[in-house]
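Single chain ahead, written as C-alpha cells, the form predicted alone.
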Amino acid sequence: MRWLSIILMSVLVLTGLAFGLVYFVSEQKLSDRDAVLSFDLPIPEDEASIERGRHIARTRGCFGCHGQELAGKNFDEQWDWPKRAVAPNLAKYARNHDAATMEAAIRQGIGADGRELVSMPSYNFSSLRDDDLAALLGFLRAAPLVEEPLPSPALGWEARWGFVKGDELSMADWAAMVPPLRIDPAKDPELAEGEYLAMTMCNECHGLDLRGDTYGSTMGFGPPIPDLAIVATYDRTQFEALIESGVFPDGRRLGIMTLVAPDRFPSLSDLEIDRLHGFLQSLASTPAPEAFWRP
C-alpha cells in the first residue's frame, strides 16, 4: 500500500507539473510580442465622423461579434474553441481605454493587459486607415452604453496545448502576417479603394491575401474558403446580391457568409460595391501565391 501511495502521489505531482508547464509555456507564447502604443490621432466627436465610424463598425463586423448594442457577446453555444470566447462590451471598453490601447487591440491583436488576443480578428483591421480607426473609436465612445452580464473568457487546456505545440497562432501573429496594400492610390485610386475595402472586410475569412484559405479545413474547423478571384465570374448585379444575402444566384446558401453578409454588407454604398467588385475581379489576372494557410 505504501508503494501504491507513492506511485499515485508521483503521478499526481507529475500531472500537476505537466499542466503547470503547459500553462507557463502558453502564457509565454501569448506574451512574446509587445504592442506599439503610438496611435495618437485625435478622436473626432463631430456627427459626420461618428457616422463614418458607425459605417466602419457595421461593415467590418463589430456588431456581429459584440452584439447589436455593442454590449458584448458570449460565444459558448457557437464555439468550442477556446473554452469560452467572450467579446467584451465594446462601448464600455472604448470609454475605459485610451486610443493607443484600443489601436493595439484592433489592429495589432494585443489586449490592454499586454497579452496577445486569441479571438479578435485583428488581421481584418491591420490595414485600417488611421482616420477610419479614429472615426471608429469616436463612434464607439459615443455609442449608448448598455450593460449586460458577461462571463469571463477562458482559454482552456486544449487551446493552451495547441499554442504549446505551435499548432495555434495568436491574433497578433496573424495580424503581423497580413501583406501590405500594393496598389498606389495616386496611380489607380479606384482600384486602390477596392483593395482597401477587401483587405479590411474580406480577409477575415478568405485568407490574409484574399486568395482562399484551406487552413481551417485541414485543422478540422470547416470547409475551405474560396479564392476571391472567383468574383470575376459574377457581374455587378450578381455580386451585389451575393454579398448582401450570402446566397448564390442559383439559390445555394454560402455557409457562414449567409450569416455574415446580411449583417454587414447591405450598408455598403453603391460606390463601395463598385470599387470592391472591380478590385476582386482583377485578382483573376494573377495566380494565387503560395501561403501556409493554403496547404
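Computed from a predicted model, the values in this text were never measured in an experiment. Numbers follow the displayed sequence, beginning with 1.
Keep in mind that the form predicted in complex with a small molecule is missing from the display, and what follows is about it.
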Quiz item: Tell me, which of 135, 143, 71, 118 has a heavy atom within 4.5 angstroms of the small molecule in the model of the complex?
Solution: 118
Practice problem: Please pick, from 87, 208, 91, 169, the one residue with any non-hydrogen atom lying within 4.5 angstroms of the small molecule in the model of the complex. | Solution: 87
Exercise. Report whether all of 105, 252 and 255 sit within 4.5 Å of the small molecule in the model of the complex, measuring from non-hydrogen atoms.
Key: yes
Quiz item: Taking 4.5 angstroms as the cut-off for heavy atoms, does residue 39 touch the small molecule in the model of the complex?
Solution: no
Quiz item: Does residue 276 reach the small molecule in the model of the complex, with heavy atoms at most 4.5 Å apart?
Solution: yes
Quiz item: Does at least one non-hydrogen atom of residue 54 fall within 4.5 angstroms of the small molecule in the model of the complex?
Solution: no
Quiz prompt | 4.5 Å heavy atom contact, residue 194 to the small molecule in the model of the complex | solution = no
Exercise. Can you check 173-181, 143-151, 195-203, 160-168 and let me know which stretch has heavy atoms within 4.5 Å of the small molecule in the model of the complex?
Key: 195-203
